[in-house]
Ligand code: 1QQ
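Consider the single chain below, provided in structure tokens and representing the form predicted alone.
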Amino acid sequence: MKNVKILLLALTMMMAMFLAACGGGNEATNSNESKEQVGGDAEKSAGAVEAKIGVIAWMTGSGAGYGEAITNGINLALEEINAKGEVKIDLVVEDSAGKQEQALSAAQKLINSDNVTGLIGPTLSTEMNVVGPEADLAGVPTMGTSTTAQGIPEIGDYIFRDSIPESLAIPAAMQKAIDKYGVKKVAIMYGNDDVFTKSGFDTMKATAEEMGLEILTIETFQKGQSDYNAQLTKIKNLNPELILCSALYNEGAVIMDQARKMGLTVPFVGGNGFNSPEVIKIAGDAANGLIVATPWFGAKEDAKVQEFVKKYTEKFGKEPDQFAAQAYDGLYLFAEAIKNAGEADRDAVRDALAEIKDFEGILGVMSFDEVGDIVMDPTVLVIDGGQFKLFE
């Protein structure tokens, strides 16, 4: 009997321990569930879609100002995008030095070794003509933020741009100049050794012919040229009412300086490469009278624009130009596509880019057309008193 009691007591104690264990187990499970929920929320807040974006920019040499503005704009956008927490982007930046072969090597490294999700750049249309086909073949979505020559998006399904093409910008600037000054006769100058400036010339010539303007002469020059006396003397003797000049800012600023010094006071219409504060810095008062069309106007009365100008100026010690603004919006467009795709897959990001409609950036309201070209309204500006102002 005593043994039976002992057995019953032992069984009772074992049952109590079992129940306690079960109860404790439920309590632990509830605690774990709570931790999982908290962890899930934390993971959600930290669960940004991660992607690596390669940047190819002209960082050294005569056009380093372009690369500086572009990378400054991208880096400012990067800070803001990553701080929001929806997308986390890592950048890998490569210098093209404004050369096709170096741009292509940089693209191949970014695509194959760094395995980037997408590319921004390169800076020049000439460079994009070799980088674009390589990126398109590899299925890497690529955003040109300064490549405005005709036919860039048509390179392939993976090639986009947020810089308005010369075919849109130049006619808008020319029309404003003609309406303002009653222009009938023009002279044309262009750099004949660069795809970008050659494309600008093609647009200028075609638009002048369509508008019924008399083209008095067509003069050419090369990158790095310093003396334009022969071309400008011929133009002055022909007495045009407007000079159409497709140039990068280095050559363009020197051309305007030399033109003013020999008494050529007529206005100039420039393409996208001419549209930079560097023109004012190089040419000084001689830059007055340059007319350009651009999506970017830093003095625009828009809260988003003014916030960008303030942040950029505080961070980099200078005001942003068109190239900084286009690069800034370019990274934001990529971030929007990555967020909408929900992954860093190249094909998914490409498709998400193509579907962007009415995106509100600092440049304005942006969409992409069926070939990946930007749809956006340009603003026509003139340099007056050493500043870009609305041309009215």
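Note that residue numbering follows the sequence shown and begins at 1. In this text the structure is predicted, and so the values were computed from the model without any measurement.
Note that the form predicted in complex with the ligand isn't included here; everything after this is about it.
*Asks:* Can you pick the one in 321, 166, 251, 278 that has a heavy atom within 4.5 Å of the ligand in the predicted bound form?
*Replies:* Here the answer is residue option 166.
*Asks:* Is there any non-hydrogen atom of residue 334 lying within 4.5 Å of the ligand in the predicted bound form?
*Replies:* So residue 334 does not count as contacting the ligand.
*Asks:* Would you please decide whether residue 149 lies within 4.5 angstroms of the ligand in the predicted bound form, comparing each non-hydrogen atom pair?
*Replies:* Residue 149 belongs to the contact set for the ligand.
*Asks:* Is there a heavy atom of residue 246 lying 4.5 Å or less from a heavy atom of the ligand in the predicted bound form?
*Replies:* So residue 246 does not count as contacting the ligand.
*Asks:* Taking heavy atoms and a 4.5 Å cut-off, does residue 118 contact the ligand in the predicted bound form?
*Replies:* No, residue 118 stays farther than 4.5 Å from the ligand in the predicted bound form.
*Asks:* Just one stretch in 109 to 117, 169 to 177, 257 to 265, 123 to 131 has heavy atoms within 4.5 Å of the ligand in the predicted bound form, so which one is it?
*Replies:* Selected stretch: 123 to 131.
*Asks:* What residues, if any, in 62 to 81 have a non-hydrogen atom within 4.5 angstroms of the ligand in the predicted bound form?
*Replies:* Contacts from 62 to 81: just 66.
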